[in-house]
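Each of two forms of one protein chain follows alone as structure tokens, named structure 1 and structure 2.
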Structure 1
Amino acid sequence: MAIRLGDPDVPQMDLFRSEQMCLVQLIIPAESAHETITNLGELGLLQFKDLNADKSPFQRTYANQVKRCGEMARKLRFFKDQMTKASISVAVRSAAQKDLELDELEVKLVELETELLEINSSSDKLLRSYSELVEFQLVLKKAGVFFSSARSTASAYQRELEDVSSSSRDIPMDIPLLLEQEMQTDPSKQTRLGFITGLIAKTKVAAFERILFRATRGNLFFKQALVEEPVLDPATNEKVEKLVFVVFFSGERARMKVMKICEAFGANKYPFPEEVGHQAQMIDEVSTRLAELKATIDAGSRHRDSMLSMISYQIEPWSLMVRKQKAVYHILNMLNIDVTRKCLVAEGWCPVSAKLQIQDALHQAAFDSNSQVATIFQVLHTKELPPTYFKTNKFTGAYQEIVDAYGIAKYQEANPGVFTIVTFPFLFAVMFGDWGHGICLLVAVLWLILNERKYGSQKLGDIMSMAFSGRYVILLMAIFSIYTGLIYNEFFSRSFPIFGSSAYHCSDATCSQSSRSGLIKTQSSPYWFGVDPAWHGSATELPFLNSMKMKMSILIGVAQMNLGIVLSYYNAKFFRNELNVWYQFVPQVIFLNALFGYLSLLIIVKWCTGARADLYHVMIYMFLSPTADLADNQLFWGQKYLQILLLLAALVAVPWMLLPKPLILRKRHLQKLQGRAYGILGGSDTDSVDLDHGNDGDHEEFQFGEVLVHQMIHTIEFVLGAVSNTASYLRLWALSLAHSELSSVFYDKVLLLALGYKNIAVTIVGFAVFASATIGVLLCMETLSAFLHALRLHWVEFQGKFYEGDGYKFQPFSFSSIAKEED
């Protein structure tokens, strides 16, 4: 297919200009509306307009259906949470299983949720009872040990008292004086102590004991025993380290205080029988009850797991169905409903090339729904700006995203994404030129490409996701880095005579270390490709490479800026805007090339002739003293007269950009007001003005002052930008120099220094440090730095010459995009 970039009547390449779009209207019978929208969602080539923008979501016709789908989506999220807690993964559904209708699915989900909630409720109650019985069992065992120990101690003490009373003649002096009073007291008059047993968290024991002591004024006895393993707390269902405690007190008031303090600290209280026989009986009963509860809980867990396993085979298709149906009802809510004719009216944008596919989908929907009336499809004519749609694939999509991050192209505006595929990785490589580092990048990105199916189905982190989505950008960045690295003749900062022998040799044996010795040319034919390896390590290496890279940066910058201006010409021709051709494109080309195009010519002539002219001096005195004699700075005959001519052309180009366009627009406006130019206003130039300003000229008041100020700003921006943008391209030289010097420092000061010690351990450490520095600094940080600088050169210096980027993206209703979304 022949491609004519400036002719709107000729089919364009897919990526250079966006697809031709049309506004269409659909009149859909009510009985086939759902099936129609579903088929269009499967096709994914129609962007619907909201015809009910003045209504809230709750006032729309299908609000209840959307609410139903939202409720079903909530149930499915609940099932997924339960599956995650049960460590059950989503399984692949068998192809033989039948799909449910939406109403059947709703009933099914309600039944499953009800059953699952009942199972969970029963399990929670059983688990709480089980945890309480476990704690009760611990209290019986720990407190039983304490009471048994206290009982044996009391028996021994009682026998000692009986021995003392029988031998009344010889009473030891160390027996307490109260012992005699206690022995003489009537047992019926002795105060009986009460006690409370339970469990409390280990972290609360100190405060719990302190509050008890203060509340009872020390009239208590507190005993505690540590539980060896954390126990499941009945209230929180979390494992907590706890202690079994026994609190002895005297009196009813003390008992009430202890009970309230236990409740405040969240201590679980359990009864404890005083009789030993009763204690053993209760321990047996609790153990039996625990075994029964354990069996019941396990059975419930197995039933729940089997139920969740069954759901796991269906949850993905169910979720997808619910998302699709919810999206369909959202679209139906955007349509106008004609009650009298029992139909729905839809409007939307679609590519012109997709009209037949859409009509086929509409006929299929009418057939599937047994509708007696087919959907009416008609194209509407409008002055509204259509959306922008580019057909991309996994290779071109990443480059288009780079452009879209700056701004979506206006409808059928020249797309810089076509040129970005080549220029972006090339500018990156100019700053990153080292074929050793390029090979490392290439190996890493080839691993991503070869495993793209694996990584494409996984959820990656932020950095890994960005690297994977831009894998084809990194691929070309690596290939171009190898290419520029071969030109620079740099492999981890080292040079190799790959393309033949060197054309130079050192003037003495120490020329690589000397600051005065240079290189002597030994053969007439130059080194075949790239920089001669003899320059690396010589005293003149840095001046030579700096001069070459700086001039090369200017040449690349001027070429890319000229490309941007040429694309502005194709935009003007495509939109039939002759004003922009004669009063924007032409003076911009003259101004830029009269100054920096001429500088590029001088650089090429100086390279070809080997002259020693000072180009700084030539460019400065071209403005300060254009008629002065050039002397040794003259590169060709007639250079002085050419410079005067170019300077005059640049001076003329400034008012050429500034004045004619506003004056012509003013003249046309006055002719329109006088009613003498309707035919002219109906032509192409008026349309071009409307496209420039983004409004309908018939309804917009013309303001000559605003137009003049706008054109003045545009002119000043271009004139100053021509200088600043050319200087901005020197970043190519600066970053290339920084990358080369960093690589050289890491090689000389780390790797060679470690090898000089001739020690295996030092060599291994030195190589590890060199590899870490190379990967961390040169392959990560320098890659990111060069990427960002190349991004700025494209967004500002290149796209600023022609790209408006004020359009909006074509976002069709498509089930394929819905399938990729997460709940």
Structure 2
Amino acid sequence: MAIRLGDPDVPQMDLFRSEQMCLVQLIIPAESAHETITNLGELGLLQFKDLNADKSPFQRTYANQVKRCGEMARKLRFFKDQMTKASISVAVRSAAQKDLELDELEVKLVELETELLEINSSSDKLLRSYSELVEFQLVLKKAGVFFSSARSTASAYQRELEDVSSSSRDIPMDIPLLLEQEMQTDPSKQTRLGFITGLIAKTKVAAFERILFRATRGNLFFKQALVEEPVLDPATNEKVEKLVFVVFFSGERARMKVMKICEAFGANKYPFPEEVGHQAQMIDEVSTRLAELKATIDAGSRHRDSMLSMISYQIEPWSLMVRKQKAVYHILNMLNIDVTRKCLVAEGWCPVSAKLQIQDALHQAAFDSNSQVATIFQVLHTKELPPTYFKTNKFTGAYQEIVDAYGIAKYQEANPGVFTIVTFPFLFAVMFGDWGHGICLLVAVLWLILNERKYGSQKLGDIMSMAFSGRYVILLMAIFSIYTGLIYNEFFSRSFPIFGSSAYHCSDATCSQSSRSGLIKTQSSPYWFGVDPAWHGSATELPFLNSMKMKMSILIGVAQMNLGIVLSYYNAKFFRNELNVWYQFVPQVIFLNALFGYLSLLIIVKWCTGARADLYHVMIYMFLSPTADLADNQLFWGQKYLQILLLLAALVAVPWMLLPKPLILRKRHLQKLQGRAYGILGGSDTDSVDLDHGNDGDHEEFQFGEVLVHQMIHTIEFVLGAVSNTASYLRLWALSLAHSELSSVFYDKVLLLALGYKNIAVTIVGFAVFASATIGVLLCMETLSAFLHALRLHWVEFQGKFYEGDGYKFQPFSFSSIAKEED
């Protein structure tokens, strides 16, 4: 049986109270366990409790299966990786394919992986020799250039030398001497001049050259040429920018050193033939081999691509299946296993309304798995607080999110989400009242909603996905701000006489005096909807609008706070907490309404009668000298006595809130202590098993001091909060003022100024600035700031009055949520 609270005769509102939940126990025969959990996952209405919390993951019964699923998921990731490398996209499942069993799938995956690995390793080998050959070819070409250019300069020098020696005897003395010296040294000390050619990564070349220089003590000649395009490195198979180098050195020891250094730097050495004829021959050879290899590699990659594209058709269903199986085994790991009776015991929460569906799913599972025994389904009694579950749809979901972001509602607590659906967009619109901007917002959000299906299926950016998930909130926000914009009569800060003509007229035809002496009211009835357009641009525009919006903010605020307090009454009534009704709700209502309810009353009376009373004065002197004569500020007969009465009521309400509740709790506690020896025997239901679930609420220590301090904090918070929260609602006025002023600044100082020049270029620039300022500042930033302020008003001022928000969310085991999450 569920924890049933509240009056049965009060009709249940779907969203107002969270679903009734019950703790159920399933005793599942081992042979149908997997099938059962799968069916429940399809249904997605049962939240399992972890009954093996004390065991580490690998000590649990189905740890091996989870491991197997992990291994399969790894293989699938490997395939996906290979597919992205081969730039094959994941294909949408074309036709209904037959579902494989998990074991079959595992075998198949192993086969595919080994095959793919084989193909890869062979193609890697081929690719390696291919890229080695490419490098060799590069070396042949580039180094060939060095040698031929060196040869030509050398021969030129030789010729010059011969010219010099043969032609003239009258050259300076030192040249022949030098020559002689050279002649002498060369043949005697000549060691074999060796060289090494190869390729090295561009980033390493500086260090390489430095080390070579040091190792050979400078006895080397290093020449390098950049390869224009990045080359595939044979070792790592990555594209790297490389250089062809030639190192000349002398001596065998130097050769050893250079070889070692080359190896250390990962420079690939290639033999370079010295004779020119040989070079050409090698180039030919290399290019023919390259062509052959290329054909082989192409064939291999075609084979691999065809295999991968075959996989690509199935990888989505496969990985979904593996994820589902893994989730099923995770759940199975959470169950208690009774070895002797060969069954598994599960416990979990489900909505009371879903009991039948769950039982159907259980029967189906037992039938499908040919189990002789059906799963036993029974409801447990518990004192644990059930999870909170609201059935939301795509419209209400976003509003519920706003509430949930503050805190998940306590089980069956009054849900502010219901009211948020209307009040949130409305408070937003009060701050964002401009029907021009509202229409812009509406167009944007309608675009999102009409393309819902398209955007819903694809991944969006951070900000975009936020806007998308809140699209229905924004929709109402836009519609409401068109409404308030019509009331404020503002369209991009302009006003239009849409609802008939203005009630005011200028005193003369030119209207030259209007800003100084004001207008003359000509019609007896006021402008019939919203603010009269005549106010716009007049000298008294701001004082009028400010007074109106300020008073309106207070009215809205007092109304919403009263709603919050009334909801606390519904909570108290629902949870049968008489104390909260009489010692919390009643004094709170009295306190708030004696002060600010009265203020609201004065505002309305003043509006209706058109009196000139000063409300500040009335409110302040109500406290300072309640008995003094009101004089001009009297709005109605008996106001003075009413004020004294209200003041007294407010003063009484404070100790009323503070003292009785803790005292009564203490008295009850003492009574319970006296009567502890006797207990009331409760009637037991025959069809349910009673299990003791740990801590009983009764054993809690009662500490009077703590309760009193808690109540004191609560009282002080409420009393101070009544003032500060009312003041807080003035943000409605402030933001609305800021919005209209900003938009009129943009209109007057940018657009009108630009139009004033009567120059087409200036007009275009001016319009562009106006448009971007309107979109950037007013439509984006102002929307955000008004949103945040509306959020605060809901979280602090409204929900603070009644909302506990200390529940936890119902998270059923469901395949549909698994399918959504990407690994």
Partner chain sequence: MYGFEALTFNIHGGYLEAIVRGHRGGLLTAVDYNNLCQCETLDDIKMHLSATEYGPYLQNEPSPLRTTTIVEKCTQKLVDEYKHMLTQATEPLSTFLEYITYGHMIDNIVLIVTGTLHERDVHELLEKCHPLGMFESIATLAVAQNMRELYRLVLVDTPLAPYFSECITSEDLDEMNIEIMRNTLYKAYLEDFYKFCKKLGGATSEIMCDLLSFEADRRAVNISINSIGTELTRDDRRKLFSNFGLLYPYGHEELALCEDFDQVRGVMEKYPTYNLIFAKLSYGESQMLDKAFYEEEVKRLCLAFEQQFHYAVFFAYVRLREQEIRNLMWISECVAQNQKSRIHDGIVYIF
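Here, residue number means position along structure 1's sequence, counting from 1. On a predicted model such as this, the values are computed, not experimentally measured, just so you know.
The form predicted together with its partner chain appears here as structure 2; structure 1 is the other form of the chain. Comparing the chain between the two structures, the hinge between its two rigid parts falls at S121, out of the candidates C608, P271, G461, S121. Relative to the larger rigid part, the smaller one turns by 13 degrees between the two structures, according to C-alpha superpositions.
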